[in-house]
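Heads up, the chain shows up twice below as structure tokens, two forms, tagged structure 1 and structure 2.
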Structure 1
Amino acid sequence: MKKRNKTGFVIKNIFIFAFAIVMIYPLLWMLFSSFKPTNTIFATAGQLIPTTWTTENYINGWKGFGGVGFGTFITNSLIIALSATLGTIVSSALVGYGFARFEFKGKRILFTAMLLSMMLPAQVLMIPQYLWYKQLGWVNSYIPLIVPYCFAIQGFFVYLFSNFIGGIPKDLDEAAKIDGCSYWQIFVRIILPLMVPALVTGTIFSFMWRWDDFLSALMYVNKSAMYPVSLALKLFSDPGTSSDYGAMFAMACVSLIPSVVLFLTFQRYLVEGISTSGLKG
């Protein structure tokens, strides 16, 4: 019986390892291709390890375009991602607190509307939003990429925080009320410190979604000097002339660093936040 269990354990882990290799192979191919000479990338597409190693792609890619270095694009992405993430987390935590702890007229209707908004494809709202932001004079600025997220427009995060707060015993609120705390003080002193796993989970998801957002930046940002990383990478590929795929792969690898570092740093909180927030159903 022990031998059979050991064999099953080995087979299961071999399968998991093989599946992981298949899933991560495109990322590995991009990473190793960034160290190949550009003119050999697709000629040796079936060869993972470069025959000739070079860092020229990183040097050329970091120079950027039109006098704008790639560091500027990274800075632009950081401004957008950090600002939008801060607005999302603060506003969604407040709204989630309201849904979890207060009873008010129309609560169920609003909560249902919030859930329905999660099922609505974002593409449906693109044209109305663009026309609205154009009338406000927000086009060709970062405002449409930041300000709307300060009003809890993403139901996922409201649902995440609301379920997490719902799992916090209300006895703590009652004890704080007896000590003279207002609702705001209860939120700041009691709820927020206990919400750290959920807040970190929301921060990771929000940052990665805003960092990778290509379509919104394509719609609202017109000046190349204002491009975020997601939009700047396409400049390396020009069907009309020549494309520097080596530099594009190199800068794509560089653009992954903030998300990877954030994920690895707070991975423990991510797992805890998801497992205790009610997302399991």
Structure 2
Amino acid sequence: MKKRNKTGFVIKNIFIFAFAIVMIYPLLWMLFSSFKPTNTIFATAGQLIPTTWTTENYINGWKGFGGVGFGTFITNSLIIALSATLGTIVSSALVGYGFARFEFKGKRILFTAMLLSMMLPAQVLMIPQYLWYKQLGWVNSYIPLIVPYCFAIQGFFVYLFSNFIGGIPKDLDEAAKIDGCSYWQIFVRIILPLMVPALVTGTIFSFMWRWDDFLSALMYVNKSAMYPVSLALKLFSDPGTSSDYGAMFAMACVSLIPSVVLFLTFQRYLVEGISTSGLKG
């Protein structure tokens, strides 16, 4: 029995490892390609490790376009993604709490409306939304890229959080209420600590999605010096002229760093399982 377990363990781990390679191979390809001279990338596409290593792609890519360096794009993206994420998480948690814990009039309709709003492709909402923002004088600033998110505009997060809050036993709320906690205090002291894994997940998603979003950036940011990374990355290639894939890969790798760092820092909180200790009570 024990021996079989051990073989099973080994097989399982080999499988996980092999699978990890499959998962990550394309990324490694991109990473190594970014160190190949740009004109050899496709000629040597079948070969992972570069024959000649070069950092030229990074130097070229970092220069950006017409005097606006790639660093500016990264800073812009950080400003947008960090503030929008903070706003999304705080507001969505509140709204999710409202949906999960209170029986108010019109809740079902609003909840349905929220779900429906996710089913209409962004492209058809773009023009009316644009007119709105223009009316408010928000165009050509980061406001449309940040402020709506501070009001839980993405139903996904509201639904995600309300779902997780729904999974927290109500007995805890009741107990706290008896202890004299207000609803606000219940939210801050009981619910929030218990939903840390969900908050962490949400933060990772939100940051990543804001980081990748170029559709709204396209509409609302005109000046090149205000472009976010997602937009800038698309500027390396053009179907009509030769594209600098080397620089594009290099900068694509650089632009992955913030998301990876965020993931590494935050995924720690997925392990600690704070919720378990809370639930025992």
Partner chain sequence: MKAQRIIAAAMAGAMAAGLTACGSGSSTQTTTTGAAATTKAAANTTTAAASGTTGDNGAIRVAWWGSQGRNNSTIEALDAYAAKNNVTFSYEYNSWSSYFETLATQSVGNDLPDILQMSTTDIINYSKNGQVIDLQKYVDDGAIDISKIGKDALSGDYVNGALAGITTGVNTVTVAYNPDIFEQAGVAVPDDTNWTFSEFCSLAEEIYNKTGIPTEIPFITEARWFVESLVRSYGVDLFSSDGNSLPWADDSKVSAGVAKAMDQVYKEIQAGVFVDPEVMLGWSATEDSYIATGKSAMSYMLSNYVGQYSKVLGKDLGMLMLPKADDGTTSGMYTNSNMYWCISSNCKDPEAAAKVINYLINDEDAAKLILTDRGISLNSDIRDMLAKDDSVSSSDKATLEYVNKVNSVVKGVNPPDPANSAEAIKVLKDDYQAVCYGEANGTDCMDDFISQAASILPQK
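Computed from a predicted model, the values in this text were never measured in an experiment. Take the two forms, find the largest set of C-alpha atoms that superpose within 1.5 Å, and that set is the rigid core. By convention here, residues take numbers in order along the sequence of structure 1, the first being 1.
- In this comparison the chain labelled structure 1 is the form predicted alone, and the other chain is not.
- Annotation for residue 38: C-alpha shift of 2 angstroms or more between structures 1 and 2, rigid core superposed.
- Relative to the superposed core, residue 254 shifts its CA atom by less than 2 Å between structures 1 and 2.
- Note on conformational change between structures 1 and 2: two rigid parts, with the smaller rotated by 16° relative to the larger (from C-alpha fits).
- Superposing the rigid core and comparing between structures 1 and 2 gives a CA shift of 2.5 Å at residue 68.
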